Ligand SMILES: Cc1cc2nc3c(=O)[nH]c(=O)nc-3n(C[C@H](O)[C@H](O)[C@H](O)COP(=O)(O)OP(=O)(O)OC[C@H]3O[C@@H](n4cnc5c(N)ncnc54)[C@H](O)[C@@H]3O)c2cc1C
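Form predicted alone, single chain, as structure tokens, below.
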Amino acid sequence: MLLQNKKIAIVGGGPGGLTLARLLQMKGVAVKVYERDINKDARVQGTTLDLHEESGLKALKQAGLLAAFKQHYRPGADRMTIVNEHAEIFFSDHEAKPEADFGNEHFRPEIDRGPLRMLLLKSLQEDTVVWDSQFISAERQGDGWLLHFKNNASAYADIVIGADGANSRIRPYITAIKPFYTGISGLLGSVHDPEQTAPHIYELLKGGKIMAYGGGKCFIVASKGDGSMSFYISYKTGEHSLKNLADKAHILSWFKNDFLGWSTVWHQLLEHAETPLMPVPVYCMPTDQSWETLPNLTLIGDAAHLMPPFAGEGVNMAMLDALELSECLAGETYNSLPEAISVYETNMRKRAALMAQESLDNGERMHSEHALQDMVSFFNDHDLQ
């Protein structure tokens, strides 16, 4: 085996990095995950994740974790309501969509980020994850790398995998290619106790998702397992036009000005949101990117192929990366590590480019003047398949 007697370092403990660690340990590989969070109980932020049969769920099956996933996913959270800017319903699949349909390519079960992380962590050998390890730099040492962290610790690895997300510090050691701004930005927020603070939206949500469209703008709301809601408000604007919004009056003023004509029903979320609202400009790696393969350093997930969130492919591509890289590195097919990594990277870039283009196209569709009609038609056609 190519990894025999090799030390593997995975930089980044998100779903991709943890899935890769699990898959490698199942093959007897020595692996450490270096994660910047202080410990396993650090708050995991962000919206819920939907896993896909051909990628995220496929990786979990191979990792022997599908049963654990079924214990922690949220039945019904994938159900969708589409409304206009006045919160008038144009589409809902709450009555028609089955609660569970594993094995169906169109079934995309939802799970919160925290539970997904915990089930992956529990699958790893004790002390696999080295917490409070924010990567700072690396230098070549012999045939491997010496990694340096912000806590003044250092660690040697024969092979390093960058799983450290959109702002990867590993990526520059491989390529100088950078992401481009897509023209879309938004604000990310959350609301606790929405049944009391935002009752109208809570009733529309029904434990699932809301997508609201109007005037080229988009308002997505999702339920979370702890009873709270997360939301993302997005539209086409300048790359640096949005800042942290901490003052409730300022938030409402911004919304009334930039989302002119939208119903006051959305004010419920903004008036009771945790502050500050976080600006999230949307970036994407070039779909034609390429680089020269290194023999002991590679990338997975957003570090390799950052893409917009508008197709739900980010986490799924990361977990599929983990599966395919583990098979290349720990299988018996290839004669050398450079060959194994090169095959993985070539295939990874090709499929990620297709998903990135789909995400870019969806972003344009969701922020067009006729987004409501297009998205209703899309989901109606999808239901007929």
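The first residue of the shown sequence is 1; numbering continues from there. None of these values were measured; they are calculated from a predicted model.
Keep in mind that the form predicted in complex with the named molecule is missing from the display, and what follows is about it.
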**OP:** Report yes if any heavy atom of T298 sits within 4.5 Å of a heavy atom of the named molecule in the predicted bound form; otherwise report no.
**Re:** no
Original post:
P109: heavy atom within 4.5 Å of the named molecule in the predicted bound form?
Top reply: no
**OP:** Spell out, yes or no, whether the shortest heavy atom distance between V315 and the named molecule in the predicted bound form is within 4.5 Å.
**Re:** yes
Original post:
Any chance E324 has a heavy atom within 4.5 Å of the named molecule in the predicted bound form?
Top reply: no
**OP:** Specify the contacting stretch among 163-171, 87-95, 247-255, 234-242, defined as having any heavy atom within 4.5 Å of the named molecule in the predicted bound form.
**Re:** 163-171
**OP:** Given the named molecule in the predicted bound form, answer whether the residues D78, T197 and F219 all have a heavy atom inside 4.5 Å of it.
**Re:** no
**OP:** Residue by residue through 18-44, tell me which have a non-hydrogen atom within 4.5 angstroms of the named molecule in the predicted bound form.
**Re:** Y34, E35, R36, D37
